[in-house]
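One chain is shown next in structure tokens, namely the form predicted alone.
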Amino acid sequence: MSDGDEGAGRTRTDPPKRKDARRNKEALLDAAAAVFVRSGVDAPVRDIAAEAGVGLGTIYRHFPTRADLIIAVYRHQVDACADAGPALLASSATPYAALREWINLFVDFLVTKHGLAAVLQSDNAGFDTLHAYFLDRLVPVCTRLLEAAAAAGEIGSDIAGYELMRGVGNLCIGADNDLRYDARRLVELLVGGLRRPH
């Protein structure tokens, strides 16, 4: 079969079907994330199905085990955070505004979703792979936002993406267990401290 023959059997409806399937899977992952945040990762699969408006079979077809679903939700949330960086840089008034907004999304991820990864720490190899994915996807995004803000003269150029993410992460530790602790306020102070005085 030649390269030109590969598409011969396809119909024009294939790409939209694939797009629909991808959208459906993303909606399912969003629903699972919402249920996990509300009820924990041990929430009944029927609750996730109800949230997503699908049958149990649909979930099990995509994710045969709970661990498969947790990993997929975690990766989906990391991807959403990573994809937001360039979009914010394109749509925000300034690179610094984009950086601040992205850090807010990153805090949301850490405070509400990071427990997903903690559940998998018993499987060290799996957790290490997820953590590497987290760093590979998010550090370059944070670095790009910092570089853009530095190039615009809004911040200094003396902080690395990993360093800032680690600092934000440390400020978020325990935020969900102590109502008196406002991690977001402290992160805001940290990010505000990057700004060069006018």
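Just so we're clear, the structure is a prediction, and the values are computed from it rather than from any experiment. C-alpha atoms forming the largest set that superposes within 1.5 Å between two forms make up the rigid core. One rule holds for the numbers: they count along the sequence shown, beginning at 1.
Keep in mind the form predicted together with a further copy of the same chain is missing from the figure; the text below concerns it.
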Checking Leu171, Ala150, Ile59, Leu130 against a further copy of the same chain in the model of the complex, the residue with a non-hydrogen atom inside 4.5 angstroms turns out to be Leu171
Let me test this: is every residue among Gly40, Ala82 and Val111 within 4.5 Å of a further copy of the same chain in the model of the complex, going by heavy atom positions?
no
163 to 171, 47 to 55, 64 to 72, 23 to 31: which one contacts a further copy of the same chain in the model of the complex at 4.5 Å, heavy atom to heavy atom?
163 to 171
In sequence order, which positions of 143 to 159 have a non-hydrogen atom within 4.5 Å of a further copy of the same chain in the model of the complex?
Asp158, Ile159
Asp158: with the rigid core matched between this form and the one not shown, does its Cα shift 2 Å or more?
no
Relative Cα spacing, Gly169 and Ser39, in the model of the complex - shift of 3 Å or more
closer
Cα-Cα shift for Cys81 and Arg38, closer or farther in the model of the complex, minimum 3 Å:
farther
